[in-house]
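Starting off, we have a lone chain in the form predicted on its own, written out as structure tokens.
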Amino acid sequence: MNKLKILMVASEAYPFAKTGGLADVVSSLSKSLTEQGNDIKIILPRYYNIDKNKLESYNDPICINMDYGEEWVKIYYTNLPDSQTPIYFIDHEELYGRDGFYGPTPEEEWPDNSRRFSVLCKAVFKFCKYMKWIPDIMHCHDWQSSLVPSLLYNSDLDPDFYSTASVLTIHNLGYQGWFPFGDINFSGLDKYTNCHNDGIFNFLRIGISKADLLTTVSPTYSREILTEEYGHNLHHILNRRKSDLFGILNGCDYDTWNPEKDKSIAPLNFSSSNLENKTKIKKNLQKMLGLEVNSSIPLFTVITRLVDQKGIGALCGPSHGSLYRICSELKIQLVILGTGESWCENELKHLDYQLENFVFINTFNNDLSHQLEAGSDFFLMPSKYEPCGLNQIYSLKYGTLPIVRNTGGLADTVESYDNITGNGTGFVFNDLTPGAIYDTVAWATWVWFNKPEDIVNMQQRAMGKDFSWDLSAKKYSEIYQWALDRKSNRYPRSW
């Protein structure tokens, strides 16, 4: 396989900017591809929280010609931690120098997001010219960078980019970048070839139309988005391009998420052959969170964004969600760590006050998320849809058995418990209803108290699963080569 020059264009990359799994994927995939010998660079905005005093910079500003005038940006750079992979930041104080990557709160968006990310997409071309480094592949992630494939097709594109191919990864089809059609003026794209009868300037739709190849983050999700139920009104265009659409399961960065060397749980690290420290971490969590310190009571954890996609209505909805019944009727403890929609935060604060065996932590805390993954017995993830999901993969590695809905990447990674054989790595249910969630939690609780040997066997089986990036990165390398074939009018073989 030829070694390639690949530019990752994204809005997030861990640890510099993160709201969800996108940031983990961009950084972990880039590191893995670098280790395979490829020349990888990452580029994203320099948000307000990224301290430029800790970065290097190039002296010369770069001018980006927009339809409405010039935008001047500066380039900062460093390496990903513990990696030789360089990451570059587009600095524009007016556009990116504010709290919140996409809006002031998780429920709001900045009104100028179309301009902000149009500048990002156009800046990547100027950046490559400035660096005298023309990539073989521009790998774009989600809607924020989805104009890049279309810009590669512009008639006035610099000839240096004629051989550059584009790959667009859809991490979550539910977020598309919808704006009034007039905002296309920010992009420099042709109004007529990118016009749709709904009067919407849709970043992701444009990217899907023009990228050489498309990927999603799990095989099951790549099939689900072809349906009306999961297609978010883009299933028609995706079906037209389904021969160019591939599902590649996200990997896990086992340098970061590994109970044997996790710094967040040190010195209580553990392995599948000795789970004693896992029990100690659980007791420490119970004490810290004000729960009864008792290792025989199963501890369930939810770490999530409190948004509709994550199934929070069926779990937490006032008067109809299953959480109150779960905590009232079952001998368990439950912790939720997360932020999101205000109605859900308020409901969970109310339940935290009412229930002695429930704790709501209304923040994001990276160290605590590692400790919860390590010390919990079960991880609850009742998603409405889940393109891949990473927390269930982390949970498997820590012997924390996932309880998941049968959708997307959850279906691809968790094997449901078999009452007869004792096999499985978690508990899987189909219907997103309060009753189904309650029944599955009750099922897991029953197994915990009545078949403890099955729980231990499942933990060891789960911890032995390998979802490292090596295999996924090799599949992406194949995708890149096929995209280059497509660019040179040689159609890729079926996969």
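Predicted, not measured: the structure shown is a model, and the values here were computed from it. Numbers for residues come from their place in the sequence shown, where the first is 1.
Keep in mind that the form predicted together with a small molecule is not shown, yet the notes after this line are about it.
- In short, of 22-30, 38-46, 447-455, 428-436 it is 22-30 that has heavy atoms within 4.5 Å of the small molecule in the predicted bound form.
- Taking a 4.5 Å heavy atom cutoff to the small molecule in the predicted bound form, the contact residue among Lys122, Arg115, His171, Lys397 is His171.
- Contact with the small molecule in the predicted bound form, defined as a heavy atom within 4.5 Å, holds for exactly one of Gly389, Gly207, Pro382, Pro402, namely Gly389.
- For a residue to qualify, one of its non-hydrogen atoms must sit within 4.5 Å of the small molecule in the predicted bound form; all three of Val217, Asn250 and Lys310 qualify.
- Interface residue remark: Arg98 is not counted as part of the site for the small molecule in the predicted bound form, having no heavy atom within 4.5 Å.
- Taking non-hydrogen atoms only, Arg305 approaches the small molecule to within 4.5 angstroms in the predicted bound form.
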